[in-house]
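The chain below stands alone, shown as structure tokens; this is the form predicted alone.
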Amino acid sequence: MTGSKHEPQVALVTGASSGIGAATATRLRAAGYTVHALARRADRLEALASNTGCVPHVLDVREHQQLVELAESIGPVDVLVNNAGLARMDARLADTPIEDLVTTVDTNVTAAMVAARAVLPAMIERKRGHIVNIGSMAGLYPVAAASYGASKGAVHLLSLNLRLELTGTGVRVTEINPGRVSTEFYDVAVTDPERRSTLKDSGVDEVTADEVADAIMYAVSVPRHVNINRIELQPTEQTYGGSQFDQVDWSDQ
């Protein structure tokens, strides 16, 4: 929290009940921010509030009007961390239920845009503020998760375009793109217990939620004339790219 005549005071963190959101809320509180922590799970939020002193708000980010009203009730926000997100990985896109597609886009994309829309007018008026969007390496590189990758690809383009749109306002935009992180991600993404267990056991030293929070804190703590556009972080033992070949059986054609 250095390098500005106006030291940031208020942060809003979505998806704050566990993982990256909880770690970020904890770090922001330790740095002196008043942190408004938003999530669906009341018990987790209450525990976070008890441990850190953050202000809990039980809310599903897909309730867009309620999200706007909450942001407006908080008043000017200096840092918004758009962390709420999920994936449905039980099937390929061709077999994914439509309601799962809608849930993914509403949570990962629409809610992030609505939250940013709610806090930006005051940021622009005060010529200070910071939007931090939690994207994913899946939004930058091909992975076998089309709906999730598409939603995080949208977060990537939202961040790029918003950064350009806000030129000259003093408002900063940062995109954080983690690879494999040790969180509860697959507990929500996969319902089949056996497949979930297989996917969760990567066999490598994964990035921790606290380490992602470190990256976020770096981005929001640099002097205000510096904008950290994007940070990619992943386990040393993980990478993306390459090509794949898998023969198709055309014999029945």
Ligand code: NDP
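Just so you know, these numbers come straight off a predicted model, no measurement behind them. We number the residues from 1 along the sequence you see.
Only in words, not in the display: the form predicted together with the ligand, which the text now covers.
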Task: Partner-facing stretch of 70-78, 128-136, 113-121, 159-167, counted where any non-hydrogen atom is within 4.5 angstroms of the ligand in the predicted complex - done: 128-136
TODO: Please check if Leu86 has a heavy atom lying within 4.5 Å of any heavy atom of the ligand in the predicted complex.
DONE: yes
Task: Heavy atom of Gly149 within 4.5 Å of the ligand in the predicted complex - done: no
Task: Heavy atom of Ala25 within 4.5 Å of the ligand in the predicted complex - done: no
- [ ] Spell out, yes or no, whether the shortest heavy atom distance between Val181 and the ligand in the predicted complex is within 4.5 Å.
- [x] yes
Task: the ligand: the contacting residue among Leu59, Val222, Ala47, Ala31 in the predicted complex [heavy atom, 4.5 Å] - done: Leu59
TODO: Can you tell me which bits of 22-57 touch the ligand in the predicted complex, meaning any heavy atom within 4.5 Å?
DONE: Leu38, Ala39, Arg40, Arg41
